[in-house]
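In structure tokens, the next block holds one chain alone, the form predicted alone.
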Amino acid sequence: MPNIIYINGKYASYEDSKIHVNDRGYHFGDAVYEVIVFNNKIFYDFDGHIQRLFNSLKSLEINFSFSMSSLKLIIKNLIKMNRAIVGSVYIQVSRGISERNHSYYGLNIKPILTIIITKKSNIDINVKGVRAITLDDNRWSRPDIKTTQLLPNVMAKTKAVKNGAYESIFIDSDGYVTEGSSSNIWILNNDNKLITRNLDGKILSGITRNSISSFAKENNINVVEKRFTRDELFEANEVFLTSASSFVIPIIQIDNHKINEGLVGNISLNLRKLYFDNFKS
């Protein structure tokens, strides 16, 4: 089966694709990225992901000339070339190639766009509850920008897997939950309020998070955006995570604390179903 990617203006096979040794994404993580899931010609939250890509590029002062429509055309061509029905689109834009120097000021650098298609066999609407662990948040102070500088997230996710868990949940220095290593975190409290941290610059503005918030409100679920503590996390009636690749995943145990007696909650399941139903329609 074909394995074709798009890199630096060309469609090429994996074997023929090369990244320059002086690409700033390679040296400094000076790059941003997005992941978009597709299923049988349906893109999940396409516009939201591309707009966030543009926002990240603007925050890092990377001058990018592609439009949303031109990106979509390249992506559709790439999916067709790879004969993919279900999968994900990985989009990365690095600042470009230059001699290794921390500062990019005054340099005439052309950004490099890379797009990779990963095929999946299917997307399972049904889901089981997962375990999570908590960790101190040791990331840089701008996690609201979706850069490829993910080493703390990589270490956190790996620690979760080593401990038989699905996700690590970061806790800030004041004892409040920020987000997961690759997800946003939600709780349903005893007052049936669905809470997720507000966009205070300490979390990524998750595209799936935004959609779930809208779908919940449309279905008369009381959504509150504010900080919540580790204790509130442990005492919640339900906990779940959202992300582009996981959609909505219920969390039934965090560290040694069972959530909802270790059972998957109805709100988590209903919101996952709502997400798929909204894009299907």
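Not measured: the values here are computed from a predicted model. Start at 1 with the first residue shown and count on from there.
As for the form predicted together with a further copy of the same chain, it is not shown, yet the points below apply to it.
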Original post:
If you check in the predicted complex, do 22, 139 and 153 all have a non-hydrogen atom within 4.5 Å of a further copy of the same chain?
Top reply: yes
**OP:** With a further copy of the same chain left out here, work out from 206 to 214, 101 to 109, 189 to 197, 71 to 79 which stretch has heavy atoms within 4.5 Å of it in the predicted complex.
**Re:** 101 to 109
Original post:
Does residue 60 reach a further copy of the same chain in the predicted complex, with heavy atoms at most 4.5 Å apart?
Top reply: yes
Subject >> residue 27: touches a further copy of the same chain in the predicted complex, heavy atom cutoff 4.5 angstroms >> reply: yes
**OP:** Mark residue 134 yes when one of its heavy atoms lies within 4.5 Å of a heavy atom of a further copy of the same chain in the predicted complex, and no otherwise.
**Re:** no
**OP:** Please check if residue 116 has a heavy atom lying within 4.5 Å of any heavy atom of a further copy of the same chain in the predicted complex.
**Re:** yes
